[in-house]
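Okay, here we've got a single chain as structure tokens, the form predicted on its own, with questions on binding and movement later.
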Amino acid sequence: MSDEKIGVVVTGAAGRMGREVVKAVLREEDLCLVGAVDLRELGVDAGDLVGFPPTGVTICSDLQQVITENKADVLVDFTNPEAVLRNARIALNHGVSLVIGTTGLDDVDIEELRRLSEKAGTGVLIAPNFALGAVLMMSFARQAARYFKHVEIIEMHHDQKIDAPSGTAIRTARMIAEERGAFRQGHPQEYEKIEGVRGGDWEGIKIHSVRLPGLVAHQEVVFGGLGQVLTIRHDSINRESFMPGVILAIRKVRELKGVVVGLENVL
């Protein structure tokens, strides 16, 4: 492997997002796939897995072995909240930077990642959404919150997504709340005839989650004002939409210190 290339390991490589990451890494001349980890498709060449020519990198289950035996610079993780913390410990103990797309991490998980990152002196980038359009959507929502305090978020994903609301919705709500401050919206005597029908609540912002087959990743941020409604919407039609952001994150994460949340911080 050329010294100029960034050695990339993908965990969750046999999953839907993992396969897209493998393909994206293989297409880039400055990146080199050095490891692919999953409990599925063991022994399969990563190239064969994604319809590319054989790479010599086979799917294995031992991340420790992959990192020890190869020149790994960056680990890209698309697994689950339990596995990502275990993977992070291994990667950071070996000075490998982390790009995390795994959803469902809570504040406690992120704080643990922060401690591990600071101890190792190695950067970690956590991105609730890698689609550049989604990052812009969140940024636009923050700007709109200066002028429209009344807002609700509707996020829509495929029916195999296990966490709700999405990381993107939570991140959007945080950004809006930071901009507009504490605010109580809606009728003070509002009540639900069916429990949960008004959605979840984050700092007074209602979040609604839709899970249906046929969807990929979609979000509307709906602002209401006097005589007007402003809707900011983003749609990911397929998982390829996330790949430019993933590649950008791989190239930038080694420059970071500690844990950085949000792709907008490296744009």
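In this text the structure is predicted, and so the values were computed from the model without any measurement. Each residue number is its position in the shown sequence, starting from 1.
Just so you know, the form predicted in complex with a small molecule exists too; it's not on screen, but the next bit is about it.
A heavy atom within 4.5 Å of the small molecule in the predicted bound form is found for one listed residue only; from Ala24, Ile250, Val9, Met17, this is Met17. Only one of the listed residues (Ile170, Ala83, Leu116, Met156) places a non-hydrogen atom within 4.5 angstroms of the small molecule in the predicted bound form, and that residue is Ala83.
Heavy atoms of Leu125 never reach within 4.5 Å of the small molecule in the predicted bound form, leaving it off the interface. Contact annotation for Asp163: at least one heavy atom lies within 4.5 Å of the small molecule in the predicted bound form.
The closest non-hydrogen atom of Ser97 lies beyond 4.5 Å of the small molecule in the predicted bound form. In the predicted bound form, the small molecule lies within 4.5 Å of some heavy atom of Val37. Only one segment in the set 65-73, 201-209, 218-226, 39-47 has any non-hydrogen atom within 4.5 angstroms of the small molecule in the predicted bound form, and it is 39-47.
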